[in-house]
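Shown here is one chain on its own, the form predicted on its own, set out as structure tokens.
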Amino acid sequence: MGHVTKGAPKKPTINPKYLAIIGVAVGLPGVYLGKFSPLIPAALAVPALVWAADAIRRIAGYGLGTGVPSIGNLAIGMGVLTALVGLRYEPALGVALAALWGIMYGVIIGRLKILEIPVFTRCITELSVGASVGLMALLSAAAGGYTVDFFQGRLMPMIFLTGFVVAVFWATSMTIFHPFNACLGPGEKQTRTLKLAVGVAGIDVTLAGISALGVAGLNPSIMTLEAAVGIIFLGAAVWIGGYYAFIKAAIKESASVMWTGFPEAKK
């Protein structure tokens, strides 16, 4: 995966700066607003995850190919650690640490000439921050809302005891790297890729809702069954809507769409 120096990716339709501003300006407040309703951070996690998926697109657009999943998993690794720090002390601190970690990693990679990608430091920082914000919002939703005693009173004994939070971590990684991994090629377009990112983010939200069901079972006082089911329905709506938009765009932009029939059964 070293010394990738292909030409710059195609000019994006949506300015990455706008995605970054929306991702942080919407996602970070969403973590705090979970105390009013867990549906709020569940919904506001989506822009941050889509922003991170676009950052993967900009890095991999230089020709990484098989490096797409590994970069996504790297992002989620940084995101998980900084998200836990943010939820333990202060979400804004988690964002600052994610940015610092991304910058340090990008500078080290640049100094060692491991990947010669001009936008690497910026994009890996965006990935780290996007993953951190998205995860904090999802965990806030799953645990019934962020409070100052979130880690001691809610997160640790509730989310982790259900065990289902692992699926949320996995789905967050998938949301970040899968869209471009599935769409890469000469015909790839930013808008189509990000529509797929919205669909996969819906899966992530749905899994956070299922995790919330476990929290509701452990402590109904901080998470009601109705709120958990509401998160699941919200995630399903985003999931279906995103995939519908993606499939519609894929059919419209394809050279042709043909039915090949079902494969013949093996004799």
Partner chain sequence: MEFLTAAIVLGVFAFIVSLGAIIGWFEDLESDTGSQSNPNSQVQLAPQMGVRHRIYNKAISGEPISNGLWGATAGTVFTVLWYSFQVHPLIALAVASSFTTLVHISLAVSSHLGRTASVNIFKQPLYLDVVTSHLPLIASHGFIVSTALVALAYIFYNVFFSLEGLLGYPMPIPFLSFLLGIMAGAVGSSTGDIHYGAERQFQHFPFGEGVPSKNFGQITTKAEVGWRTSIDVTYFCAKYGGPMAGFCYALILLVDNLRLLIGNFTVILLSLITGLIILAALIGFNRYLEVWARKKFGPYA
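Positions refer to the first chain, counted from 1. Predicted model, so just to flag it, every value in this text is computed and none were measured.
Not on display, but discussed next: the form predicted together with the partner chain.
Undergrad: Quick one: of 95, 194, 123, 171, which gets a non-hydrogen atom within 4.5 angstroms of the partner chain in the model of the complex?
TA: By the 4.5 Å heavy-atom cutoff, the listed residue in contact is 171.
Undergrad: Considering non-hydrogen atoms and a 4.5 Å limit, does the partner chain approach residue 245 in the model of the complex?
TA: No, no contact at 4.5 Å.
Undergrad: Does at least one non-hydrogen atom of residue 32 fall within 4.5 angstroms of the partner chain in the model of the complex?
TA: Residue 32: no contact with the partner chain in the model of the complex.
Undergrad: With the partner left out here, check for me: in the model of the complex, does some heavy atom of residue 254 sit within 4.5 Å of the partner chain?
TA: Result yes; residue 254 sits at the interface with the partner chain in the model of the complex.
Undergrad: So, in the model of the complex, is residue 223 in contact with the partner chain at a 4.5 angstroms heavy atom limit?
TA: It does not: once the partner chain is placed as it appears in the model of the complex, residue 223 has no heavy atom within 4.5 Å of it.
Undergrad: Heavy atoms within 4.5 Å of the partner chain in the model of the complex is the criterion; list the residues of 182 to 199 that meet it.
TA: Going through 182 to 199 in order - heavy atoms within 4.5 Å of the partner chain in the model of the complex - the hits are 182, 183, 184, 185, 186, 187, 188, 192, 196.
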